[in-house]
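Shown below, as structure tokens, is a lone chain in the form predicted on its own; questions about how it binds or moves come after it.
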């Protein structure tokens, strides 16, 4: 996704005022999409006219939608198949709720859906298995992305965008303070951030910060905290064998270290930050930022005060190595689509090499094909993408969405709330980890246990 929003509403907490409002909003979104589909059906041409597909996208920024419309127009010119891009809510929580509602209603739903990597098992039953149709293309994708879109040997979606947590850093400031390279470990980052922050504030930049990240109790914090603990050997919250491993000394120490950052090298308000907040502070004045590759475009935009003064690298390592949380977007075909053959062709087109190359060049969207990270047309406008390929090689960590399925939204929310309580000082890390462990047992019914040996995936 890129993460940044809470998971969809569960029935047990619909009674709150906020969730009632969210539920009403989600119902409204469903009505808008269904009305769009109904109007499309009413105006649908006779059978002999070209097929019209409907596409509901997971990523819905204004710039992306405009570029997507151009891609769809080119697809129509090549195939004669028309595509209607449907409206979608902005919130990731509302998106997933809308997807589930539309898929459950059955008939007249969209033909193709955008799918976040953490939605695969949740939505699995509603989509065609794409493996028989994409034999050659599958081997060209990042293996970790293919695995994230697979359930029991079924390929639920084809990726068109790769995402992984990365470290942004100010190249000019590192040189000024005598550093030849970005931090290799979290401890080095803490030392470097403190020194640069002190030096910049001594110049009168009182709002300058050493390190910004996403600390709000949302999916974004789940990604950040998982990186901290996985790199220290603290596990993946819930292991692939369904062991709840979060209550361990390495995870606890990782949380404690992050709590120490708050108010020292990170802003006191970082506990409320999502991606956009961290980006704003980074551009205004910070030495380091954890964010997704797409933050490169805004950092390098015309008029940005840090334009050409920063670079991207892999996240720092802990004692177990490096771990960047895997994200990304893919496309799946509804099993109820009236035009599955045409829908498959649309997915094939949008994930095609030349289409991904142009998308990367125009929108700075990281491609899902490793080979494109050696292509000048991709790396030219996006030099930081070389580090994304490196991040896949040095180690990535996946959220426990496939092992928990429909329960993942509750698991992620519980985890983010527990870590957030440590960041704000509401609870001690050991206390929060023990309480979270019991809560995850209640949510999943899984057993408690230690983390497995290094589970970080590599290219």
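Numbering follows the first chain given and starts at 1. This one's a predicted model, so the numbers in the text were calculated from it and none came from an experiment.
Beyond the structure shown, there is the form predicted in complex with alpha-D-glucopyranose, which is absent from this document and is the topic of what follows.
Annotated contact segment (heavy atom within 4.5 Å of alpha-D-glucopyranose in the model of the complex): 111-119, selected among 254-262, 335-343, 111-119, 194-202. At a distance of at most 4.5 angstroms from alpha-D-glucopyranose in the model of the complex, none of the three residues 215, 289 and 420 contributes a non-hydrogen atom. Though the partner is left out of this view, residue 227 does not reach within 4.5 Å of alpha-D-glucopyranose in the model of the complex, counting heavy atoms only. Using a 4.5 angstroms threshold between heavy atoms, residue 58 counts as touching alpha-D-glucopyranose in the model of the complex.
alpha-D-glucopyranose in the model of the complex comes within 4.5 Å of no heavy atom belonging to residue 235.
Within 4.5 Å of any heavy atom of alpha-D-glucopyranose in the model of the complex lies no heavy atom of residue 250. Here is the short version: of 246, 157, 323, 220, the single residue with a heavy atom within 4.5 Å of alpha-D-glucopyranose in the model of the complex is 220. Looking at 233-247, no residue comes within 4.5 Å of alpha-D-glucopyranose in the model of the complex, counting any heavy atom.
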